[in-house]
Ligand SMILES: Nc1nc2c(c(=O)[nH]1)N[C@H]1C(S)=C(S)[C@@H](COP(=O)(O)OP(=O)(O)OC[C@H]3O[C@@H](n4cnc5c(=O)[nH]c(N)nc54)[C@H](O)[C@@H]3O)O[C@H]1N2
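The form predicted on its own is given below as one chain in structure tokens.
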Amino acid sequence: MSNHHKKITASHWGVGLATIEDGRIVAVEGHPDDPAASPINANIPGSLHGNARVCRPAIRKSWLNGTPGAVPRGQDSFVEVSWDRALDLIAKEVTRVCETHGNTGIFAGSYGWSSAGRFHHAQSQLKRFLNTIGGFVRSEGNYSYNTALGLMPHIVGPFRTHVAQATRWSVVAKNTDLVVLFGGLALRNTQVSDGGVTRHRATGTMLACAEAGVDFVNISPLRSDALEALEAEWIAARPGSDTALMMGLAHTVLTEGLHDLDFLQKYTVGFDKIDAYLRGTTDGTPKDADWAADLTGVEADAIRALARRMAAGRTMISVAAGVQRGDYGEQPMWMAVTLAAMLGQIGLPGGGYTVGYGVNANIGNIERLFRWGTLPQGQNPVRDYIPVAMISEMLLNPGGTYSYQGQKRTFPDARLVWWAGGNPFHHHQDLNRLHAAFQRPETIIVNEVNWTATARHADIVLPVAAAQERTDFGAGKSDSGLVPMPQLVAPVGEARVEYDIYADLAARLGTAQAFTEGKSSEEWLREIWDATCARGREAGCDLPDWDEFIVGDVIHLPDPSPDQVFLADYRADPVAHALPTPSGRVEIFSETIAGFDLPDCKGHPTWFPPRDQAEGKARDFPLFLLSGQPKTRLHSQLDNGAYSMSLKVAGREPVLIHPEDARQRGISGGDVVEMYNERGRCLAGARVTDEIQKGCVFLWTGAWYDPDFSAPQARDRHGNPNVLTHDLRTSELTQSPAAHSALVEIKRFEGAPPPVEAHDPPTFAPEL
């Protein structure tokens, strides 16, 4: 390092150099080798040393008093206690639940990004601990692209594998004429990547495409969802209408004879079914450009012109993850594959389709060379699970039944919930409903760095060390770099490393040997690093030993497939490289899904109008609510940091509103506004801009939930969009979140707005 008081660290948003003064982190800047380092690093100092830091173990007062229902979770005060008392209480409660209800009474979904370290990974640590005491009920899938996870195996193959196999942008730059972006490609999302990113490449690869003459079409309500330098044509289709637009394009391709029948016959099954559906033979409604125009707000001639343009040259169809997070989100995924198959370019360099470009920094840019070492979680003896977005249903309806992947399943009866490394009061839908659901368990334990809303809804809160307060190494799931993460500062207050917390708990429960295997954190780190080095040698890379690595700099490894083309092997030989689908081919029609006989996901792509629109709610709530990954943080992480705070408006999350919509409501830039519908309401700060489509408002996700329980609908004071989203699923097939289908109204807030309290600690009572 050029400056002796700057030390390296790693986060999901990149490598940072931290400045340490008097035992505190005072600044974190990007690594000089990173061509587009993320400014999110600037959130670290203020959040680690902020007012919201959890400093001591804390117990909810009513729970500690033995009257847990006296004050609702989320509204109670806390009592700070010693570590010994907190761990004794947890050991007693875990034992009681296991003996009385069995381990199916423990739910530990713990969905979230936690921190970038390979060893101090919150979910891995918690799951390893619980597996040693008999297991737990888990969650399956993710909020980001769950419909793709659940649908794609039926029609193409496992989506997680396909993300890693995405066609490289360098290939697009060399071979592609046109990229059609359904849902855009927001570069703010590419600041982050699961586990970390060592070099931010997305902006550079986008610029390389522009310089090579690749044309882009941005189909999104936000013009800024495509990099300005791309000079993308902006088609502002009505939110939730992507499937209809794709069908209008496909109808033109079909009826004008622009489809590749040879490809369809050789590489797909079931095209005759979608052919009949598009022509209207099966239901009397042709899905032509005029039909699509009525649903999308895009002119029919523009739809026909785009279809012809897509068929005339090498076209890449890109579908953003946000597109499938709306009602019936499986349908745009399936229809995108179908449209790409009709064009016949799947498996060609720069052609076909990709779901997930822009989800993170690395998709289409690089992949890891080999799998890193990891902490073994062990085997979970409990086989039960829930789809990831069904937390409220599980808690509110224990023993209830639901349909999932063609099966009838039963919700477990969760008596104890343990959350580590995540914040459901950020990412889950309909937070008022979640608040009610969180009143149901007998005990909730949360490990946290800060007093988020999830911590405030707990009975026992354990203060844990932040990533910069412990030793680890960073290595992304899709990034080919390794980052030393030496401990930079001591943990704040009485915060502890989670491994040591679980080791002490395991000792109380008689499972210490099973959990620790007699090893310290340092010994585990060395073992995991040795495993990483062994895999590196197999891949032809010699890595330094642990002592040399941990005091060094980033290690950059090569991309294992820099010229990768998605499904090129399948196109070259569909027999030798048959897809892992029932037919071995792309299933435009799925006999399996058709056999499930679901009301909301048929055997081929189908148009369903979004629920709120179909129910006529636009009369009272005329604006489409859009929400997405913020520019200023990763989801809700470090929301109280300096960079996150710097772009808030009047201390609240900014909401984008079109000038005409603002004029009609008497709203000016900088005003505090109230957004509301039948589910909830929140305050936000208005930013008036023509970069958003008229009739839409856009509110970033991740503002810490700040309910005012004395206000109507427990109005959120800070600007969390999930007080407005519905908690319905995309379909019975995948049970995915469908939060991007909400309608709202917005008005100027009159009078003095209430102060935001999200970044303050709760009220503390004396220890009993």
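Numbers for residues come from their place in the sequence shown, where the first is 1. Since we're looking at a predicted model, the values are computed, not measured.
FYI, the form predicted together with this ligand isn't displayed, but the following is about it.
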Of the candidate stretches 586-594, 222-230, 78-86, 252-260, the one with residues having heavy atoms within 4.5 Å of this ligand in the model of the complex is 222-230
Answer key: of R199, H426, H604, K287, within 4.5 Å of this ligand in the model of the complex (heavy atoms) is H426
Note: exactly one of R118, R168, R681, R470 sits with a heavy atom within 4.5 Å of this ligand in the model of the complex, namely R470
* **Exercise: N43 in contact with this ligand in the model of the complex, heavy atom 4.5 Å** => no
Answer with yes or no whether H740 is in contact with this ligand in the model of the complex, where contact means some heavy atom within 4.5 Å. yes
*asked:* Taking this ligand as it sits in the model of the complex, is H435 near enough to touch it, meaning that at least one heavy atom pair lies within 4.5 angstroms?
replied: no
Quick check on R687: any heavy atom within 4.5 Å of this ligand in the model of the complex? no
Contact check, 635-651 vs this ligand in the model of the complex, heavy atom within 4.5 Å, ordered by sequence, gives H635, S636, Q637
